[in-house]
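Single chain ahead, by itself, as structure tokens, in the form predicted on its own.
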């Protein structure tokens, strides 16, 4: 039944969706929309259900990959874009947020203000579309499509046939637009505005796309599939508020009473519903009821809300605990590979660095719990990290609470940092402003937990290590020369070339270091990078002095596992494949010792990778 072939029958959620699909598949009541001629060609048996959770899990059954036009489900998305583009105050000068109690295409404005009642009815949606400036795009619709694509996590386009059909028959919407023009609500040319509106409604989506869009709203504006922030948290709050009160038109009150989720429907047969902080739901079924809402979509949402207790007012729903995992640097290490001397320090003192991985929505009560856990046994730890990667939202009431945590932890003699907090720019900006006004130093932040762990490790090594900070290791101190005699090290040295790389330099596989050469690093740090799925690079590992780079590629003739970048100034010795063969002929024992040492370093990297995968 699931045309994607992505069967997840072992999941109770998947099993529930399949059961609901089977329960309602035979219900063909309602009528396919015909006032737009192109929509009348839809098959009434098409039926898909999709759910995307805040952690990016996708469940789907039926016609979830069949494309159809988004229609009125576009309205909250364009409303969100307008809020972010020109601000709430300016948007509210053009459209109100009052429930209408009237049909979605009524040619009316609010008595007294002369504004559209809300952005979910056609008058409000046309007014909202008129507010979008191209800003770097050729036309407003190009910017709108770009925003919709970020919501869906894939490139979206307009169905030109449906657009032409709407454009040729959409005189009622033109009448609404002229009414808005006459009232001074829109300033642009009416035909230009109406074309933008028709094109946004004619955007092609799938049921899975809509579920991802709904889940993006559920996840406070972060697309849970791509991990990219699409909207600010305050924008999501405003959009969900209007969806809850106005999204289902003149049946919005009944919907909120029975289903209890912010939602939006479209006349092509789509419905989205949002459980804030947890999941997004989408149903596609073309036959509509008298209100213009999908018949099967309504029934599936009612069943889901009832069986899973999704109603936002349900007293039985409790948030998850704010701390998902608590661990130390004894249990978890960064991707920086370290020589045995530093590993020994971390093995002995790793428990003095604490990591709290947070999750869900951080309210006042959650902030208090996090503070208590972070300060517990603070006198026995020297470094702490709060990781915000799995946090969906942070109440601004937590700003003074977490700022106080920083001061309390430092008063206890420790240092604290936040990782992945830039996913919540409103909170971070407010925290930064608050600390500036209080005369406090800025909070230490890292873009991801890996870099924060490296900071903890380095702090522990500097505090508990008795290591001399030599500007550069001698060749005799390098891990590749363990067990070699002075004469063997001198012989090896005669076949090496000393090199220096500037910070930020990408050097391997270039003229500087061809693939048939390896490096013995004696100073500085080198990170191995891989292209990330969402653009940019992610760190695979970081090499420290005493380690080697490129030995497997040189010996096996295979590509390097990542792209090396000098994080700092790097000093190293180069050994070529040709010189290795010369050394093999002159002193086979030296080469055996060298290869044993190289194998030991490779094993260390593989072991660390295995530990990462098992986490």
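Positions refer to the first chain, counted from 1. What you see is a predicted model, and the numbers here were worked out from it, not measured in a lab.
What comes next is about the form predicted together with glutamine (GLN), which is not displayed.
- Proximity of residue 72 to glutamine (GLN) in the predicted complex falls within the 4.5 Å heavy atom cutoff.
- In the predicted complex, residue 446 stays away from glutamine (GLN), with no heavy atom inside 4.5 Å.
- Contact annotation: residue 79 falls outside 4.5 Å of glutamine (GLN) in the predicted complex, judged by heavy atom distances.
- Using a 4.5 angstroms threshold between heavy atoms, residue 104 counts as touching glutamine (GLN) in the predicted complex.
- Partner proximity in the predicted complex, defined as non-hydrogen atoms within 4.5 angstroms of glutamine (GLN), places exactly one of 550-558, 55-63, 577-585, 33-41 at the interface: 33-41.
- The contact with glutamine (GLN) in the predicted complex, taken as any heavy atom within 4.5 Å, belongs to 266 out of 153, 262, 140, 266.
- Contact with glutamine (GLN) in the predicted complex, defined as a heavy atom within 4.5 Å, holds for exactly one of 122, 349, 373, 245, namely 122.
- Annotation for 173-202: interface residues with glutamine (GLN) in the predicted complex are 173, 197, 201 [heavy atom within 4.5 Å].
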